[in-house]
Every structure is written in structure tokens, then in C-alpha cells.
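Before any questions on binding or motion, here is one chain by itself as C-alpha cells, the form predicted on its own.
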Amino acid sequence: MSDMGFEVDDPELTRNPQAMYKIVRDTMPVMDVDLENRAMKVVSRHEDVIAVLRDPETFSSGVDAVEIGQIRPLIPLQIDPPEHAKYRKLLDPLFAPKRIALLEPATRALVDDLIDQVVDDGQCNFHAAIAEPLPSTVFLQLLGLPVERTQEFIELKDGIIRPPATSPEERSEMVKETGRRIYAVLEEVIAERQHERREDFISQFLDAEVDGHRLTPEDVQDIGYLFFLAGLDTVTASLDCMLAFLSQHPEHRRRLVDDPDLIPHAIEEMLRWETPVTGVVRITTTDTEIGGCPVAAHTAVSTMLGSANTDESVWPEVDTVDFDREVNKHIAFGGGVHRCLGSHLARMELRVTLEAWHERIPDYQLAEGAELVYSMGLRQVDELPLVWNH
């Protein structure tokens, strides 16, 4: 990266990664990197990213692709076809648009309650006040984990995704220990639901069948582990990215205030431009090639979703954030059979939050002198100070 004019510890690299994406696409579209003592290929061009994501037979999403404290493959993320389809058939209906629409009134009430707590203050750390508690509360309720332990669960999630490690070895041990704690939480709740069912996902999973076989408690754990990580992080990062952008671009913010019907289109465009989940990893099952470059079997391949979403060969006026963009086939939710299961839920949460926030706090901006620090991989902003007149 330093050879291309970038320093990996430069916060500007994560604040505004689009320029870096372009240089990587232009100079090393299939790049060899060593990340925490793990050699991998990084793929940045849209056509190559799509090719990887759409070929799970060659580029597996199996358990070896990424180590996040799991002891078995996470369902359905780390299950490849044809078995993958059996689990998606069970899980997809839980996140269908009609099912998600039923959650909107309660989600809106939660957003209003969170805004109530800060609206008269004229300032808040948006991440801590809104972006983190909203999706965490919604998903814990859906899954069936105790909401009163939200902060504990957020810390566990962060212990997997962004542990405070100083070496790859320390990181590995931290992740494994945190994983054991997450499994213990799930085991406790599953045992309770085996005794007494409730209106939550864990109860439904315990009664579900896949291919004629009842899910085992371990299967339910493996679904719950994935949901635990995904449900408590990706929408938070998306809200952080969107409010950070809007707070620094008043002309875009004003358009949403003046025309709330524009918000769904704005969400899609900010997902494209910001791409909060910057990439996903696959592992090759055989010797292959990407973009003409040979890739050996058992090689980790990281697809740069953020780069693909800003590839000028695909997007007209790629560097313009255009809320009126007519065609927006971004891959912020991934692609292929492993595309994000919860995209409809995420879109609803994002839309409801942006609608409520801009209705009640229309004129806000980033606090003077604030320098935003984005985390790597998932572009979360722990300190997002916003100010407004009240």
C-alpha cells in the first residue's frame, strides 16, 4: 500500500477509501497481501468480484474462509450449495418483505424513543445514541436473547469483529475466547426455549425441519451465532456511514428533509458509495484463475465490495453521490447465493431511522473540529458527534 502512496494506518484511508479503490483497480486488480500472517488474494474489479461471488463451487464460503470464533460452520453463511439452499428455504421467509413490514411500527416507536432522549440536548454521539442500540435491540428481540443484556452482547460482538489485540496470535486467542462466551449464551437460551417456547426465532428453529430432519440444538446455535454477529453490527455501521456523510454534505441532507420520499433511493446510493461492509472472503477449492491471474487451491480470496461499487467501468459518474440514480445494482449486501439474508430488515431499519431523524432533527452537522475514525472491514464510527439547534 505504501508503494501506491497510502499508509495503512492513515485514518483518511478508511474515511474516504474510494481513491484507494481506484488505484488498486488500475494497478493491481488481483493483489497479493499478507494480512495478520495470512496470505490472500484481494480482488477489486467489479467483474472479478462478481465472478468470485457467483461461483461458490470454486470460491467456497466454507468454515476455512474466515475465522470468527466458530467451532462449526455457521448456518447458512458457511454452508455451500447444494445444502445451502435447504437452509435458505427455512430462513428466507423469516426476512421476507411482508414479514419485515410487520416489524416497522415497533421499530419506528423504538427510534422515536431513542431520539426523545437526545433531541432537546442539541447534540449527541449518534453512534452510541442511535446507531448501536437500535439494530441491536430489534435483532435481540427477534432472535430471543434478553434485551437487558444488550451492552454485554455488543461487547461480545466487538470481541469477534474488532478485538483490541496487538498481534495476530493475541487476536486469535481473543476471538476464540469470545466465541466460547457467545456459544455459552446461546446454549443457555436454547435450553430455556427447549423447556418453554416463546415468540422468537430460537423457538421457531427448535421446531423447524430441514430436508426432513429436525434441527439439532447445535444447528440452532450455529444459526444463532451468525445472526448474533450480523444483526448487531452491519446496520450500525451503515447508519454511522450515512449520518457521517449527510452531516458533512448539507445539500444532500436538505434534499431528504424537503422530500422524505427520496430516502429509499438515498439509502441505496449511500450503500453504494460508502459500502459499510467493505469486503467478504472466500477460499478456493481448486486451482483456478481470476482476471487472468493464477490462484492456487486453498487460497483465501478477499472481494473488495467497496471497490466494485465504485468501479467506473460499471457506474456512470461513479464519483458523484446521486440520490436520483435510476439504476443502482450495488453489491453492498454481497452477491450470489450467499447474499445477505437480512437485507430487507436492514433497509427497513435504515429507512425508518432516516425518516424519523430528519423529521425531528432536520438541521444538524458534524461537531466542529471532529475527526472521524472509521474501523477497518466494517466501517463503524465509534465517535460520531452531531450538533443541532433545539
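One rule holds for the numbers: they count along the sequence shown, beginning at 1. All figures in this text were calculated on a predicted structure; none of them were measured in a lab.
Although not depicted, the form predicted in complex with protoporphyrin IX containing FE is the subject of the following passage.
Shown here without its partner, the chain carries Arg15, Lys22 and Val373, none of which come within 4.5 Å of protoporphyrin IX containing FE in the predicted complex through any heavy atom.
This chain is displayed without protoporphyrin IX containing FE, yet in the predicted complex the stretch 344-352 from 360-368, 317-325, 344-352, 27-35 comes within 4.5 Å of it by heavy atoms. Although the partner is absent here, Phe139 is a contact residue: one of its heavy atoms lies within 4.5 angstroms of protoporphyrin IX containing FE in the predicted complex. In the predicted complex, at least one heavy atom of Phe227 sits within 4.5 Å of a heavy atom of protoporphyrin IX containing FE. When protoporphyrin IX containing FE is considered in the predicted complex, Gly334 lines it closely, a heavy atom lying within 4.5 Å. Proximity of Phe245 to protoporphyrin IX containing FE in the predicted complex falls outside the 4.5 Å heavy atom cutoff. None of Val42, Ile68, Ala356, Cys340 but one reaches within 4.5 angstroms of protoporphyrin IX containing FE in the predicted complex through a heavy atom, and that residue is Cys340. Only one of the listed residues (Val280, Val175, Val118, Val111) places a non-hydrogen atom within 4.5 angstroms of protoporphyrin IX containing FE in the predicted complex, and that residue is Val280.
Residue Phe95 is the only member of 91-116 with a non-hydrogen atom no more than 4.5 angstroms from protoporphyrin IX containing FE in the predicted complex.
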